[in-house]
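Take a look at this one chain, the form predicted alone, written out in structure tokens.
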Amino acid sequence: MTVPTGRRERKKAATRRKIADTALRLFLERGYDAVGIREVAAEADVAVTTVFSHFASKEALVFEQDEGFEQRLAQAVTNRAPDEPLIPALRREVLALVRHCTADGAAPIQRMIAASPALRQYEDSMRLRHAESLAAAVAADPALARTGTVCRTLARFVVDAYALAREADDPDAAVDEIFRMIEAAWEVTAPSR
């Protein structure tokens, strides 16, 4: 996520962060289903309309960093060095994201998501959106020269790699194992020269 520069943007970002932090604290203390938007707004000392001006839904409060995740995946493609291969760049970014989501303190959030059908469904829809964004970034790079189907398949594999590795006993080893398969599949799809 980009850092807001103007006073108004910083204030909006601070309000968004305060709402998300408050919601997450309440959800973890009392359970996701036991906390309503009105309670989050009251605890964060904002109006309900302010909550909804920052977050489209209650589920979005849990996944506050969703936009940053999507941007980081796309930027792994667009910001890599001109001579850097795609798959190692994606592997590095997914590994960083997995490490962040498996760090101390993340387990209660993951358990809350796993226990809530609404949060699992929201996370599934997020994955599809992330995959489409990543596929668009890959397809837009003329140096990568793959079909739309290949780009979309790669993107789904990468987003699923994040989810699978996050749940593994050894996340780092899982990222390595999964990305060996992804790299092999990517190489097979290279256009003939």
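Start at 1 and count along the sequence shown; that's the residue number. These figures come from a predicted structure and were not determined experimentally.
Just so it is clear, the following notes concern the form predicted in complex with a further copy of the same chain, a form of the same protein that is not shown.
Interface residue remark: residue 167 is counted as part of the site for a further copy of the same chain in the predicted complex, having a heavy atom within 4.5 Å. Within this chain, residue 180 lines the site of a further copy of the same chain in the predicted complex, having a heavy atom no more than 4.5 Å away. Using a 4.5 angstroms threshold between heavy atoms, residue 45 stays clear of a further copy of the same chain in the predicted complex. In the predicted complex, at least one heavy atom of residue 128 sits within 4.5 Å of a heavy atom of a further copy of the same chain. This chain is displayed alone, yet in the predicted complex one of 141, 160, 33, 39 has a heavy atom within 4.5 Å of a further copy of the same chain; that residue is 160.
Along 118 to 153, these residues reach a heavy atom to within 4.5 Å of a further copy of the same chain in the predicted complex: 121, 122, 124, 125, 127, 128, 147, 149, 150, 152, 153.
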